[in-house]
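Before any questions on binding or motion, here is one chain by itself as structure tokens, the form predicted alone.
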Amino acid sequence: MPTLNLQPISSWNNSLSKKPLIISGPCSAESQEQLLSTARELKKIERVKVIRAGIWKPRTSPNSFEGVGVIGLEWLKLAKKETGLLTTVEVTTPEDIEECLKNEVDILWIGARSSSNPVFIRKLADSLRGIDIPVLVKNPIHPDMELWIGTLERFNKVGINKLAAIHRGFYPFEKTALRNIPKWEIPLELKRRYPDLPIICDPSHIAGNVDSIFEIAQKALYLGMDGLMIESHIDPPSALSDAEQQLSPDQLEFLLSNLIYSHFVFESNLKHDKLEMFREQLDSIDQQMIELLSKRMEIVGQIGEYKKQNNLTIFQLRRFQKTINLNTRIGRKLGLSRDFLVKLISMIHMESIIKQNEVMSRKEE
């Protein structure tokens, strides 16, 4: 396994010696007043050391707000001059990088869409060859750890050793309570492979709403992550992008003051608790299984409605036998015992029968 040549966050800048690293700021720079007002309030929060702001916003729809462009870097430079906070910006092209360097941006970050594309990453990395600047790399949109590692390696190979990963969750194929699925087992495995790689959690993008940010931030700290990137806007309801997941500076201060930072009391080279890491991986997988089972039961309910309308029986022996045979064959190839698989599939099937019976027994209103 290739190694990464890395420098600790504390070596990036004197102001970053205290763990965890807290990065905050609006999803997007919208106006000079909005950005400066936010920066002034964030400066009052002792733990916040870096202000973030989206300047170029790669959005799903071109009809969405896509950022103010280069002029936002001038506002960010003013905020840095007035508050002393370091600055960080997402870059998507070599031209973005050039403009950031001109405007003295301190830290660059690579977004999830960019880190999913090795062609883009090669161009971005080549444009940073020989430049000494920290780079934060968000995980790809989909849960592909090797792709995430490959992105980190490309920057490291051109001499970027002030490097960190940002865990912002993964796109869910089905509707979930969170905007992005955390899949904690992936950043934990990344940390196991590269113990010296700082990992920063982005609770705002995992949550997608302000109500879940605290819980996710706390879990990230319990898991030993090295920092948090949390979106904050001077007036969240008026935000032009991601209004529902941005905290006001006052809300951010309250959140940060109530987090438990016990992990960071210990020496910085403390070995990660492997047992706890394994347990968190199990918890994450269990949660995903439950969410998938819930989705399965929704479909079962729809099947029940169809059978009711077409006067079909609930139990279909041939279908049940096919399900048993197909899934035991797949499971056996993956190392699971036949007895376990038959019991599991039978339990799920029985719950499906109960669900369909409820649907078919329901009287029409």
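Just count from 1 along the sequence shown to find any residue number. This structure is a prediction, so every number in the text was calculated from the model and none was measured.
We do not show the form predicted in complex with ligand PEP, though everything after this point is about it.
Heavy atom within 4.5 Å of ligand PEP in the predicted complex - the one residue of 170, 155, 109, 148 that qualifies: Going through each option in turn, the one that passes is 109.
191, 80, 162, 205 - the one with a heavy atom within 4.5 Å of ligand PEP in the predicted complex: By the 4.5 Å criterion, the partner-contacting residue is 205.
Within 4.5 Å of ligand PEP in the predicted complex, all of 52, 113 and 231 (non-hydrogen atom): Every residue of the spot touches ligand PEP in the predicted complex.
is_contact(residue 99, ligand PEP) in the predicted complex, heavy atom dist at most 4.5 Å: No, residue 99 sits far enough from ligand PEP in the predicted complex that none of its heavy atoms falls within 4.5 Å.
Contact test in the predicted complex: residue 280 vs ligand PEP, heavy atoms, 4.5 Å: No, residue 280 sits far enough from ligand PEP in the predicted complex that none of its heavy atoms falls within 4.5 Å.
Ligand PEP contact at residue 27 in the predicted complex, heavy atom, 4.5 Å: Yes, contact at 4.5 Å.
Partner contact for residue 90 in the predicted complex: ligand PEP, 4.5 angstroms, heavy atom: Although ligand PEP is absent here, residue 90 would touch it in the predicted complex, with heavy atoms inside 4.5 Å.
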